[in-house]
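Here we start with a single chain on its own, the form predicted on its own, put down as C-alpha cells.
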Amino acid sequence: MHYRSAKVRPPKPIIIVHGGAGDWPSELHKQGLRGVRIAAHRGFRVLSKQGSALDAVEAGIVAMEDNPVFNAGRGSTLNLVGEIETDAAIMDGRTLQGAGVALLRDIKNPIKVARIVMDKTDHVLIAGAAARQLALAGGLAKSDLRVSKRVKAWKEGLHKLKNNKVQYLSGTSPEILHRFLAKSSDTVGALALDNDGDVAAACSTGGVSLKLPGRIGDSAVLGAGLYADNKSGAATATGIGEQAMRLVISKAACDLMRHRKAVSAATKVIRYSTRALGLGTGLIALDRLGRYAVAHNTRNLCWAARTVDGSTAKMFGTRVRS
C-alpha cells in the first residue's frame, strides 16, 4: 500500500504596514488611516501579480514616504539645526540580505537607496554624502522634503528650548519623551509574505524631532529597526530608536517567532521593553505562516493589513503597558 504525503498548503500572501507609534492627534487619524490603507494596497498589488515580498514592502514604504502625513521622505522631521536627515532599511528573509542608509539629504525615497545598497554593493550600512551619491548615481529623484507642519513644529521646539521649558539632551528624561518623542509620528514600516512563502521587511524615517545632527536611529539598523528570516518571520519597530537598538528588538521578535505565533512574540517583546526601558516603543510582526501582530506601549500605532480576504486599518493594536 502506498501513502501520499500530505501537501502543506502555502500561506496566503499578506502585507502589513505601519505609519508610526506615538500620540496621533485625533485630527490626523483619518489622514493616517487612509495613508496606511493606500500603502498596504500598493504593496498587495505587487503580491497579487506574483511579485516578491521584497518588492511589496518597498512599494508600501514608497507610498508612505510620498505622503506628508508620515515622518518619512516628504514630511520628515527637522533636526536641531533645521535640516532633514533620513534613514531607511530593507531586508530579504529568503537570503538574509539587507541594507540600510542613514543621514540622507534631499532624496525623495530613501528606501530605494537602501535597496540599491543591498542589491548593488557588498555593504550593509552606508551614511551621509556617500549614500546620497549612490542615490544620484542610481538615477533616483531629489526633492525638497520639508513640509510646513514640520517646520512649525521645529520652530515651536526651538522656542521651548530657548526659554528653558524643556530639559533637552539630558538623557531620555520624561520631559523629553512627553514634549517631543510621544508626539512624533515616527517611523513607517512594512512586512510582507509572498506566494513563494518568502518574507521581507522595510522601514523609513525622518527621525526624532530636534535630534542632534548626525544622529542615526534604529531604522537604518538590521536587527533593531527591522529583521526578516524565512525560518521565523519578519518584524519592524517604531518609536524611540535608541530603545529598539539597545534591545535589538526586531531580531528578538523574530527569534521568538521560531516557536511562537506573531502575537505572542510581539506582546512578549513589548512587555520586556516596557519593563526594561519604559514607554515609547511599538512593533508589527508577521510570522512565517502569515499570522500578524501589532503591539505597542504608546497611545497609538497607525497600521493597516491587506490579504486576499480584505483589509484592516486601525489606530491601535495590542496595547502593552507592563
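When you see a residue number, it is the position in the sequence shown, counting from 1. Because the structure is a prediction, the values reported are computed rather than measured.
This next part talks about the form predicted in complex with a small molecule, which is not shown.
Although the partner is absent from this view, Gly217 contacts the small molecule in the model of the complex, with a non-hydrogen atom inside 4.5 angstroms. When contacts are judged by a 4.5 Å heavy atom cut-off, Gly239 counts as touching the small molecule in the model of the complex. Among heavy atoms of Ser250, none comes within 4.5 Å of the small molecule in the model of the complex. In the model of the complex, at least one heavy atom of Gly207 sits within 4.5 Å of a heavy atom of the small molecule.
Only one of 227-235, 207-215, 130-138, 101-109 places residue heavy atoms within 4.5 angstroms of the small molecule in the model of the complex, namely 207-215.
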